[in-house]
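Structure 1 and structure 2, given next as structure tokens, are two forms of the same protein chain, each shown alone.
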Structure 1
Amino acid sequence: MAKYILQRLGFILLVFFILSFLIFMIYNMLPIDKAAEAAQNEIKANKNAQLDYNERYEYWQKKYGTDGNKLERYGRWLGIYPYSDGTYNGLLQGNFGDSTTGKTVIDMIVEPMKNTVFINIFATFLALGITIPLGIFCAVKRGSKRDVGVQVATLVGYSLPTFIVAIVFIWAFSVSLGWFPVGGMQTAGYINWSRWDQFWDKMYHLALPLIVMTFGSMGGMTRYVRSSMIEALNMDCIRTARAKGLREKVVIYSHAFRNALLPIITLIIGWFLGIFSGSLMIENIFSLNGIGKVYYDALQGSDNEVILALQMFYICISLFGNLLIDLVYGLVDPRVRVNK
């Protein structure tokens, strides 16, 4: 197992460098030169100083590490090639660069990332807590009126786009009934409140987005669990367990569900990995300060440093997520366990 993990980590490292190189080169094809922009802004701000543009441009190039050829610039950005002063200050040293807003990339993404993780963890656990039992129930009661009713409802929910669900729920629960606010994350003046009141005010604002996210994910997950459970219940080992006189609950939850877990695990872990990527549509519709909205705003404003940092973060999450899926497979099913 240790040898397998080391081999996969080596593979992850190789893929990381290849993808980082490709992404950096793609984004550097864009006609954006932050050194030139910084030099122009400096000259405009100091009109009386009569600064030389070429001199200031060269200064900002060295400061940002954009002098030299593209390979040298990639090395500086990644942190494996020194700046003109001999220092290493790139991605591997924890320096993700500066946003066009004047803040560092770290300052730009830390708070939205906390909000995104908070929102998505709630939505994920709510959805799993509903869909897994519901999917098992539908598989066990396959063909019944209740199963047909749930299938029709989940098919409708699965077919509706997220933004349609969000608009309908805003109209129903915010505009018509007035139960929840239309958007935002806090009430004006919340800073003067106690922490407990701030927390409940935040949960009040997040209630409707959480309901929309849970509703939007229920259809697909319920049908997926149902399909996996039906396949597992038709296996020979399940017939044998029933023939041996085991209780039906033991057969369903101990034998059938464990065999159905392999395909479900991929989806569940994918959900948890998606926690960090944010909910672009939901965060923009409800004006939530999440990482999805930050990424969208960065794309709109050509903020390459933020875009590159988030892209590399998503790459790392995906690579390590695939390793996690393989390891969890081994825990669930000994047949796919790696011992050499």
Structure 2
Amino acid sequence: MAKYILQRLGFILLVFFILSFLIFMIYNMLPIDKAAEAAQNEIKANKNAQLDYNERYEYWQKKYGTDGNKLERYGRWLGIYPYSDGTYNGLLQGNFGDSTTGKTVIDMIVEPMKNTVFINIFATFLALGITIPLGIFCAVKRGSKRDVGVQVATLVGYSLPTFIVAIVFIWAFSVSLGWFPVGGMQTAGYINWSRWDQFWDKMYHLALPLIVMTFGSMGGMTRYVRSSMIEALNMDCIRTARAKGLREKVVIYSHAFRNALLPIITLIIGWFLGIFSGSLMIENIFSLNGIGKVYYDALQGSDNEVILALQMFYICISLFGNLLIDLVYGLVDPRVRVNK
């Protein structure tokens, strides 16, 4: 097991370097020259000082670490290659860059990060709580009218893109019925309220986005749970269990579900990571202050260093998820370890 984990860790690290290099190269295709901008600004600000542009440009290049070839710059950005003055100041040292708004990227994303993580975890639990029982029910009663009904509904559910579901739900529940706010995170003036009221106000604003996220993911998940459960129910051990005279409940929940759990775990982790990019859409539609909104606004406002940092964040999340899936698989399925 230890060897397996090490192997996976090594590979993930390799993928991280490959992808970060790829991202950095794509980022470098943008027509930006931070040092030139800084030098020009400086010369404009100190008109009397008669500054030499080339000299100042070189100075800023050294300061920002943009001198040297692309590989050196990549190393500096990651924090594994020293700047001209011998210091390290990159991602590994916690320098994620600065936003055009003047804040550092870290300051910009702490609060949205909390929101995004909260929304995603909440939505995951909500979706799992509905889809797993529903999927099991459909698998057990497969072929029945109710199963067919659920199948059709889930097919429609996963055929619709999230934004259409969101628009329809906004139209139905916010605009027509007026049950939920159309967007935003809190009512104006909430600062003066008690903590409890603030929490409920937030939940009230998050209700519709969470419903949409849950609804949007229900279709695919229910089908997945159903098919893996059907596969598990067809196993020989289930026939044996039934032949032994075990109660049907025990057969389903204790024997079959455990076997079905393996693919479901993959799904849950993969899906949990997927909704980080999925919540990008939701956050923008409902104007929630989350990572996805920050990323979107940065793209719209050409806030390049924020884009780069968040892109790395999405990649890290994805790599971490892949690692987690591998490890959990190795943990619950002995065959994986032996084969490798």
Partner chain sequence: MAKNEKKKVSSTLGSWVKRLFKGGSRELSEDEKFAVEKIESPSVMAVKAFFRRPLAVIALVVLISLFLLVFIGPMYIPMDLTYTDALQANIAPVWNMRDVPDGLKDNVRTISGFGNFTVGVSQENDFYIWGSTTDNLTGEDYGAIPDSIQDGNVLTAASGSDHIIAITTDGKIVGWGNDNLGQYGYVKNEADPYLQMPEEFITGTIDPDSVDFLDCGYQATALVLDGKLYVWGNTKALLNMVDIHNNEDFQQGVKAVAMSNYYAVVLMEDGSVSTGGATYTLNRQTGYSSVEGKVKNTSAHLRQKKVVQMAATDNCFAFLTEDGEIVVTGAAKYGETNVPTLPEGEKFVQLVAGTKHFLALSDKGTVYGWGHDDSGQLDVAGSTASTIYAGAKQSYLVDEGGEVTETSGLQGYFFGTDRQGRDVLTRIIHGGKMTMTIGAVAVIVSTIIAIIVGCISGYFGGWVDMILMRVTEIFSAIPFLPFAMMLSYVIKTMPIDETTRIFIIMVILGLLSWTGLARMIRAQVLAEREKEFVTAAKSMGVKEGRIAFKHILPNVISVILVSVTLDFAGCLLTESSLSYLGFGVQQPTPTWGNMLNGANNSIVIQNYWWQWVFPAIFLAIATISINIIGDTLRDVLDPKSSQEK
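Not measured: the values here are computed from a predicted model. Numbers given to residues start at 1 and step along the sequence of structure 1. Think of the rigid core as the biggest set of C-alphas that the two forms share within 1.5 Å after superposition.
Note that the form predicted in complex with the partner chain is the one shown as structure 2, not structure 1.
P112 shows a C-alpha shift below 2 Å between structure 1 and structure 2 [criterion: core-superposed Cα displacement of 2 Å]. Relative to the superposed rigid core, A207 undergoes a CA displacement smaller than 2 Å between structure 1 and structure 2. In the core-superposed comparison between structure 1 and structure 2, the C-alpha atom of L71 has shifted by at least 2 angstroms.
Core superposition places the Cα of S84 4.3 Å apart between structure 1 and structure 2. Superposing the two forms on their core, we find that the Cα atom of I315 is displaced by 3.5 Å between structure 1 and structure 2.
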